[in-house]
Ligand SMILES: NC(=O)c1ccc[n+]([C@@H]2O[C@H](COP(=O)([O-])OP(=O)(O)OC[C@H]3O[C@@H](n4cnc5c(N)ncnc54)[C@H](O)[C@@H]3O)[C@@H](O)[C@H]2O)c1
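Heads up, the chain below is alone and in the form predicted on its own; it's given as structure tokens.
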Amino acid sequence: MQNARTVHDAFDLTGRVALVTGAGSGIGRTTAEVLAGAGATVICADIDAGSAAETASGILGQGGRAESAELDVSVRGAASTLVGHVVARHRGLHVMCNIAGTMIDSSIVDVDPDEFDRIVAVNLKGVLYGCQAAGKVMAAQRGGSIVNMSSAAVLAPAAGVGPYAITKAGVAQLTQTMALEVGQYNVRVNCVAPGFVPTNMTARYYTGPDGAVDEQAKAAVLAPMARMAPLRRVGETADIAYCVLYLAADASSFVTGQLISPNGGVSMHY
């Protein structure tokens, strides 16, 4: 029989260790906060060591368990080294969230090769490296959950974001194939494909060179995005983070190889 205790336990991460990349801001930061709120010890990793430390400090200030680490996910071997340190310190890794990402605006025909190499290195290779490092540990310990960050951009083509969408489509395929390979070890691999969420990444549309937000431009960007959604709003970072929590926790113990897209209904798939 399911009851309040079993429901609580299904989402409880007490005693588990989670590593979140891109934890310095946006979806990564909120995900780290949510996983810590569910009881996990969270390693907040980001290329910006200061922002990662801020996230960890905020969690600690709320009574959670967290520490920070500097990590450039695009560097070969960096994720493996960090995972090794985490396992040595905490004797295991139970949740890996590959959230770090970057964005460029470009058509396919005009994309700069160097810029494309950069987003492939972060958005696709970075996820690959994180999956490899965590997957080896989790297979050996016979259990774990890997959550990768794709994008709703893979569900329907849109002009101007093709290079970015290519990398995120690669993440979706990586997720499915890895789920097949490591399922026998009780390791689950899923991905989340968020719709439009105001973050530092999307703020480029309404932020000036000095970092100041143009509120009028922001409203002009967000209003049509909200109108496109059946729910008539844009997303919040918490909308995505709670989806990650579901995939990280035992509540989703029979779910692997899936793409879940919290997008307000803008794109529907099955």
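Small disclaimer: the values here were computed from a predicted structure and weren't measured. When you see a residue number, it is the position in the sequence shown, counting from 1.
There is another form of the same protein, the form predicted together with the named molecule; it is not shown, and what comes next is about it.
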Heavy atom within 4.5 Å of the named molecule in the predicted complex - residue from V73, V182, A133, L155
V73
Establish, in the predicted complex, whether L93, A139 and G257 all lie within 4.5 Å of the named molecule, using non-hydrogen atoms for the distance.
no
Please pick out the stretch from 139-147, 77-85, 183-191, 115-123 that is in contact with the named molecule in the predicted complex, where contact means heavy atoms within 4.5 Å.
115-123
V42 within 4.5 Å of the named molecule in the predicted complex, heavy atoms
no
Report whether the minimum heavy atom distance between I47 and the named molecule in the predicted complex is within 4.5 Å.
yes
May I ask you to state whether Y129 is within 4.5 Å of the named molecule in the predicted complex, using heavy atom distances?
no
Answer with yes or no whether S151 is in contact with the named molecule in the predicted complex, where contact means some heavy atom within 4.5 Å.
yes
For the stretch 14-32, I need every residue with any heavy atom inside 4.5 Å of the named molecule in the predicted complex, listed N to C.
G22, G24, S25, G26, I27, G28
